[in-house]
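Only one chain is included here, represented as structure tokens and corresponding to the form predicted alone.
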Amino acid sequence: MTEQENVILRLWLTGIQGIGIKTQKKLLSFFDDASGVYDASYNELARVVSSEKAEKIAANKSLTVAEELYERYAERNIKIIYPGHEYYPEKLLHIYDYPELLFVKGNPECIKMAGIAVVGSRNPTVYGSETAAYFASCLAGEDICTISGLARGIDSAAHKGAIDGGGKTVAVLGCGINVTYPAENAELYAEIEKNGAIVSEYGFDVKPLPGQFPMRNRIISGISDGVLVVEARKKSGSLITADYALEQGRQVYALPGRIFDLCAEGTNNLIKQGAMCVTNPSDIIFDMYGREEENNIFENEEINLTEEEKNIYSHIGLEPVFIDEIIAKSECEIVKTISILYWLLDKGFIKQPADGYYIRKIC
């Protein structure tokens, strides 16, 4: 049986109404492959599934819709992989309820790379977003793929950080492979397709329904070698990914936060429960490979600055600070402060997350 025939038969099986993933697994296991299921008689099918489901399968032997679907996916350069396929990651087979089909846009080889999932709040602090991007960028330098879910906040920051670091990134969707959610991430979706892969277990036009996202998280952790939680509230969806990671035997890393910061409540609890506390990408690299890497978050401390410039720069950290506060703390003239801030911005030593606010640039 050719790969094309295999995919068409799998599309046929998944397209039969009322035949869910558990039933598919039973059938594919019993009959060895999709061809065996297709060729089975009602009586043979009824030995494995209920008579109602056996009747549905036996009465739906037309491959026309599946063949048309296959052509549509091929026209859009969407690859369809399954257990046993050269691009289907071996580590995914060892998780509970692994997907029987995955739709992939971009480079499917990225899914099999060493990878760290980076997840967190959809409404992070600027510090959280910057840190997620920094970790992803540093991991990219070690050929470690960043895996996340294309959501707002930490997910988006991590994807962007990996791309900016010249690395690969994989986005696992909780909706159809051709659906961009949230819509504001359309440009990022395209960038990830160029610099990694978009993955979903859902085919064309499947809407982003709430119940699909927790299921999506099992794939995020399943194709990763570890999960980094950057910022998470006490009942964050990111903690579901961490739970899946623990069930799957993956390492869980957590970024510590201030004890009164609600965005850090979930990550701090993870650390108390045994997650590995990380403060530098080198912590993850050492845990994965046993080698130490030097990553200095504040490497710009070594830049050659005048005393006035050092004064201004010393009052800018990883939390946004308003220009009035910089002026007051530095006791520098307004015009001079503005001039130095523009220079620091131009040289790429600081960033402006919002009008009048400044933070240090760490990646």
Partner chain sequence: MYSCVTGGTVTGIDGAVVNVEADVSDGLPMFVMVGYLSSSVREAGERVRTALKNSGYHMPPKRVTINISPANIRKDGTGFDLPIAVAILLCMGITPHINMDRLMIAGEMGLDGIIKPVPGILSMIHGGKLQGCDTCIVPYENVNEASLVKDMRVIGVKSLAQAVKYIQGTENIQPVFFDENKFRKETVYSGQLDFADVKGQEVLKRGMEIAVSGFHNVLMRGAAGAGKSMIAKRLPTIMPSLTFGESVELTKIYSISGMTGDSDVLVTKRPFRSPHHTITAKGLTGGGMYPKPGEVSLAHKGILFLDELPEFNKNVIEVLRQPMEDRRVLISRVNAAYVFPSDFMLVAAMNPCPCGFYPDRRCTCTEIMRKKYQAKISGPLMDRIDICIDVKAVEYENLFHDRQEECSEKIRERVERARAMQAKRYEAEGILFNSQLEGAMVRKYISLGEQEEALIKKHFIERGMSARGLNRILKLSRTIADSFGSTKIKREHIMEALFFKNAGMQDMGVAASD
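A quick note: this is a predicted structure, and the numbers were derived from the prediction, not measured. Residue numbers count along the first chain shown, from 1. Here, rigid core means the biggest group of C-alpha atoms that superpose within 1.5 Å across both forms.
This protein has a second form, the form predicted together with the partner chain, left out of what is shown; the following refers to that one.
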In the predicted bound form, do Arg233, Glu319 and Asp355 all reach within 4.5 Å of the partner chain through at least one heavy atom apiece? yes
Within 4.5 Å of the partner chain in the predicted bound form, counting heavy atoms only, one of 327-335, 307-315, 48-56, 22-30 shows up; tell me which. 327-335
Can you work out whether Gly161 and the partner chain are in contact in the predicted bound form, taking contact to mean some heavy atom pair no more than 4.5 Å apart? no
According to a 4.5 angstroms non-hydrogen atom cut-off, is Asp143 in contact with the partner chain in the predicted bound form? no
Can you tell me if Arg258 lies within 4.5 angstroms of the partner chain in the predicted bound form, counting non-hydrogen atoms only? no
Thr125: touches the partner chain in the predicted bound form, heavy atom cutoff 4.5 angstroms: yes
Please pick, from Lys272, Arg152, Lys207, Arg76, the one residue with any non-hydrogen atom lying within 4.5 angstroms of the partner chain in the predicted bound form. Arg152
Taking 4.5 Å between heavy atoms as the contact cutoff, choose which of Glu184, Glu109, Glu71, Asp97 touches the partner chain in the predicted bound form. Glu184
Rigid core fitted, is the C-alpha displacement of Lys336 between the shown form and the other one 2 Å or more? yes
